[in-house]
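One protein chain, two forms: both are listed below as structure tokens, the first as structure 1 and the second as structure 2.
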Structure 1
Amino acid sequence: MKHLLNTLFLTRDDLQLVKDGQSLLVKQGNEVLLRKPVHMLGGVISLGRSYITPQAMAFCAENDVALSLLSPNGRFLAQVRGPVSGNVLLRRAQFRLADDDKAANNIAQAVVAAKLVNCRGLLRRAARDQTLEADAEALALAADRLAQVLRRLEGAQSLEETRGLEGEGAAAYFGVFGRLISAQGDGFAFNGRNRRPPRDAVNALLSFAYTLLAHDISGACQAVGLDPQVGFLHRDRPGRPSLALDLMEEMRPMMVDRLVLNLINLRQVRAKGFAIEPAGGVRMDDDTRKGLLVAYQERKQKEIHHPVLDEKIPLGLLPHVQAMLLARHIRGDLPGYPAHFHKF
């Protein structure tokens, strides 16, 4: 299995990434800021306009290090990667299943079920700690709605139905998500999910962190030989990492939502770290973004018990484990995809 490898983030515009022997160097002018042996890296994410030499790109590709270029807001722009590796039999089987509505629906159902259970787990956990009775009540109500959606999900016969229930669940969840924020008055009001561009600070944090998670899951899919663009729940659309987005559904609550809530509630981010653009979009400043990146990396170190492997793993390995389990299902070793049901 892959170890939880570090991801190197280039967060500024005036950096250069160059190859030196078996290491990557981050330079600013003639000064070397960081030297990292390539075998210690799992990915490089450049946020902005750093200068990356062709040698460094080739070196990353050779060493199976995913090199991704993101906009400063975390929008995925491009990725440099080596030759398509892995197993053509696996990818063929993945495409066949994706074309088979019933088989695709089984996977989508598992993913959505885990997402709903995990969202519900997060809400119920938070409801227990709620001091405001009105909030606790609303959270319990939303948890009940998620439970109803879950029961209906079991009978969902088509992908359409499963997608509809996923949407219903998400609406119920984000309908009360704002009540989990204790610092609402400090500029962190949340009135539902919105994106492209995010129109408040909470959505800006969520969107950016989801991009990071999608990048990690996409890398994990590729590492086990799956095509990250061919999904089951999400329809194929050129440029969209549909499979990564599928797997992301079940991991959002514990890998991102909890993280964003902690950052706000523990006051590790401040409202003044966000700027409203003339068109109404909200953007983080560099320090806030850096804080989120650090917190995300730390979150991935947190150990969880993986019920299927019956082993302790760092949360950051979850994308790899789930991608591997999905691959085992696709290759016929498992009768279905065992999605991850999280213990909050």
Structure 2
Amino acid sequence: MKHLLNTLFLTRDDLQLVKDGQSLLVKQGNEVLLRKPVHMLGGVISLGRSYITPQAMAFCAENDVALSLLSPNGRFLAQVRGPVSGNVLLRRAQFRLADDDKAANNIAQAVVAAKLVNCRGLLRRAARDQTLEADAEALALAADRLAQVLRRLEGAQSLEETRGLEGEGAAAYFGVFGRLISAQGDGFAFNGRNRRPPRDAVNALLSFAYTLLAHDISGACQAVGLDPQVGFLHRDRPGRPSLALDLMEEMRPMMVDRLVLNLINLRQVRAKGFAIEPAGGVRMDDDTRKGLLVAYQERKQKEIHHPVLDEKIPLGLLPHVQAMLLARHIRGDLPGYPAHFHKF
């Protein structure tokens, strides 16, 4: 259970949400863990199998408190809302900003800047820990290259320029990603990012974990009333969650890349858990996929300090916090989108 900004998160399966007078109570068995007056809440997000009484659902709807139900894996399931909703206004504001090249570029620049800083942080930390001088030097050079791209990003005047710099930064980052893998000789060689289908075990792990993260962020966007398909950095495309992909850029290094590197370097996944399909793609077996799912859920429990909220939160709530902050910027409550800059 966590209360961030004006949203209550139910993060465990054994919680109950009940109505008591003009308040909502969070209970565990007969113990009351939290009492929150309804006028202090803007939303309730259940990330599991909490028990919510029908009276509490109706109470939320009557008081315009959005009640969102997500699966334990972050997939959006349903939302209970009353007849009066401000979501249409938020979505219309989102669509207007997405059609405004300058406003969209401002948000895209914030997202790309955080991505480059977070990628650079991961490389710099790895460079300090490297025992091979050649690897440490290559990682440090790539980190310097990302710093150069960051400086040019500040002057990007268009979305196309921002997208180009994002691609340049990604190329520099994945150009040395293989040097972060100490188990390359164990069947985990990495020679660049590829997908659809992934052609090696590392890319298979990255692609699957990125899909999990995109699901989490898409659910978070829907829970705060944003349309996950209308993005700023990524162009609209039928069926593509462009906004979720936007927000994912800043979270990839700490929520996925670090996880995949740990699984490989700590020998928690083995090359025998992958098979090459006739078309050339690489596929995980069921046990490897299950291990990755468990590790991803455990990774989301790791606590981080969020600089905007100035408090500790589980890493798994980061998509929700960033979606809420973006919604506040779109509503005009914040002058800019505060993307997340992570400390490695």
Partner chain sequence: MWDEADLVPLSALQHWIYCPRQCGLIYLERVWAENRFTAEGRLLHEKAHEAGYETRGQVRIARGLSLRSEAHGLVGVADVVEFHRADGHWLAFPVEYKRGRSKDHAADRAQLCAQALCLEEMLGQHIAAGALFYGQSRRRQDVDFDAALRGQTIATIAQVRAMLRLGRTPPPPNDKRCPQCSLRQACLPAICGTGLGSAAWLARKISRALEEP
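Between two forms, the rigid core is defined as the largest C-alpha subset superposing within 1.5 Å. The model shown is predicted, which means the values in this text are computed figures rather than measured ones. Reference numbering: structure 1, starting with residue 1.
I need to confirm something. Of structure 1 and structure 2, which is the form predicted in complex with its partner chain? Between the two, the form predicted in complex with its partner chain is shown as structure 1, not structure 2.
Does the distance between the two CA positions of Ala275 reach 2 Å or more between structures 1 and 2, the core being superposed? No, the C-alpha moves less than 2 Å.
Quick one: core overlaid, is Ile304 moving 2 Å or more at the Cα between structures 1 and 2? After core superposition, the C-alpha of Ile304 moves less than 2 Å between structures 1 and 2.
So, superposing on the core, is the move of His329 at the CA at least 2 angstroms between structures 1 and 2? Comparing forms between structures 1 and 2, the His329 CA shifts below 2 Å.
Could the core-superposed CA displacement of Val26 between structures 1 and 2 be given in angstrom, to one decimal? Rounded to one decimal, the shift is 25.8 Å.
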